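Before any questions on binding or motion, here is one chain by itself as structure tokens, the form predicted on its own.
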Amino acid sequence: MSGLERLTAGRGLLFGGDYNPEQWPEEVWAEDAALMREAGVNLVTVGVFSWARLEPEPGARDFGWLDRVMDLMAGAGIAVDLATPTASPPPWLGHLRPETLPEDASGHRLWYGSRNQFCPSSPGYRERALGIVGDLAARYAGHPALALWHVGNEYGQICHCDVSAQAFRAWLERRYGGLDALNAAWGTTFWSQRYSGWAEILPPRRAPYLVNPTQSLDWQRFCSDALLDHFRAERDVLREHTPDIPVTTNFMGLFKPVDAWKWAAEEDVVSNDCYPDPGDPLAPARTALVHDLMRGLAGGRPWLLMEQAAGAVNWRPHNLPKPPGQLRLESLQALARGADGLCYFQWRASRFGAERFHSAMVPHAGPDTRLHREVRTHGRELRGLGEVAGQPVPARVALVFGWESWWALEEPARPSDRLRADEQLLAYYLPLWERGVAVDVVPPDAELGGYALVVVPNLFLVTDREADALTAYVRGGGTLVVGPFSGVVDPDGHVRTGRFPAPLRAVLGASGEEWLPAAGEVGCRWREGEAFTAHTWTELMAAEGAEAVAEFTGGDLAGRPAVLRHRAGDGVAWYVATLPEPAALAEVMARALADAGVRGEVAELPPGVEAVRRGEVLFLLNHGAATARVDPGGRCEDLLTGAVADGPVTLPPRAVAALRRRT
């Protein structure tokens, strides 16, 4: 059984949130436990920021309060996701050991008084962190409430100090072996940057002008690895004491500093924090993409939504609340896309501190409120969806995304900073989401043979092996779509010379000679004659066996290919040499889906309605402002209401149907 399957076995779907009892008098704890039981809560995260409470001064230990919390949760039948408190060291550590504090790229020290104030490479921080983690694990090993370990919190800290510089040099020595190899990889003949000794190498600190892009790329690799090394160190201490308890840490979706593909392989449970913006019209699709990414990180297995908001957050400039029903809609969206646990930040709203205006499952106004009643109702209905736990989300389409390519693409001094990897990813995902086509998000080195369609919105950095795999996939009968500015650099960030995209030129049947950012909109036309517009980016391309499905119509590129399609072996490859308007990109994807023989879950989806199948259950979620009617194509029972329909289903705004086919 996987780590999450061990948690859901006997419990069903997980429901709960972050619980911070140390912020409240003990007389409140009993009320919390009672309210949790009424709401159907069966998992709480405890202790994320409790280091100063657990170790009030160096070497001291105060576990008594946590003993009582753990016992209280066990008595209430609520499992505990016990956190290591190392995300935020106590003030005494920074005061006594200021070298444990991080420095920014200008050499300024970041002080305590907030959170996350540690240098990931600091031996002093590591020593103290592992000390408290070891004692925590030893004390609660075998406790009946302990079900999951939560290491740190939202990893992403970066430090440019001298200690980090020393660790960076050691990382580089392991990667390159010698200075000659490093100088070659970094291209240090440019701007007289050649290094003659390891001690000369620094993190990319504030400099008079642009820093070496390969140095910066390696620095981003190092920073992710340094944090991962610390995660592993804590995890390994926990496993020594509790080998049967799974370990996780919480991702933050498409979060740039951490290569989640490498991290997920080190976890027992993949978990994520997700906070859609109620004011973002693309939030439903953006959130679905992140959920699909989490399922991909979990290797297609279920994952845990560790944090979401019950209402408004506190950290945007203008924090819109969630309207009634939105809490349930977003939670069930995660369930439909593979989550077996649906948790919130946090259980009870904080009276003080920086998050005092962040929503919670129990708001400041107390349990007799609309919001808490909605929480209780949602907790109860999840019990009726237990059959969904553990079920897969079958997909025939893969969306390729890699962190290293993201890092490399968005270095300064490129043709345009308006071409962004995450925005390209969403642009190509959106038409698939609108058609109800299930998607797996996969890394660039994934096995692709099981997919009918592979979409590569942008793969600026590509290895020879990855390019060869994409070529073999198409020649073997697959359908491939590649977006612009792909295949440009190698793993060192060096431009691949010749006509681009050099490593994919043969399979695409096309090549280019210039990247041409556009000043505004660009006219285009399908081969059939209908016009559309593109923007921001164009490329001077030539067909080399491919057919020009669309061409540019104005300026110096008039008559040149904008979208190309090429039969290669038994498959088809598409290349998009611009940023088409959404309707035009949707048309590209529709044609590629037809080539691949892939259709959506239902024949026709109204705007704003999401359709995704998990196991035998078809979820329909109405994110739109109007009532919608959707025909699921047969007689179905709604697991949420018990209603049976033989024909179209009516979905008011923010409504959800979980349909199981009946004969």
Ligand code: GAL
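From 1 onward, residues are counted along the sequence shown. Here the structure is a predicted model, which is why all the values come from computation and not from measurement.
If you look for the form predicted in complex with the named molecule, you will not find it shown, but the lines that follow are about it.
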Worksheet item: Does the 4.5 Å heavy atom contact test between residue 191 and the named molecule in the predicted bound form come out positive?
Response: no
Discussion item. Check residue 111 for me: does it contact the named molecule in the predicted bound form (non-hydrogen atoms, 4.5 angstroms)?
Written reply: no
Worksheet item: Does the named molecule get within 4.5 angstroms of any non-hydrogen atom of residue 560 in the predicted bound form?
Response: no
Item to complete: Examine residue 275 and determine whether its closest non-hydrogen atom to the named molecule in the predicted bound form is within 4.5 angstroms.
Response: yes
Worksheet item: If we take heavy atoms and a 4.5 Å cut-off, which stretch out of 484 to 492, 446 to 454, 147 to 155, 319 to 327 is in contact with the named molecule in the predicted bound form?
Response: 147 to 155
Item to complete: Select from the listed residues 115, 418, 256, 364 the one whose heavy atoms reach within 4.5 Å of the named molecule in the predicted bound form.
Response: 115
Fill in: Single option in 307, 581, 381, 135 placed near the named molecule in the predicted bound form, where near means a heavy atom within 4.5 Å
307
Worksheet item: Mind listing which residues of 340 to 356 have a heavy atom within 4.5 Å of the named molecule in the predicted bound form?
Response: 345, 355
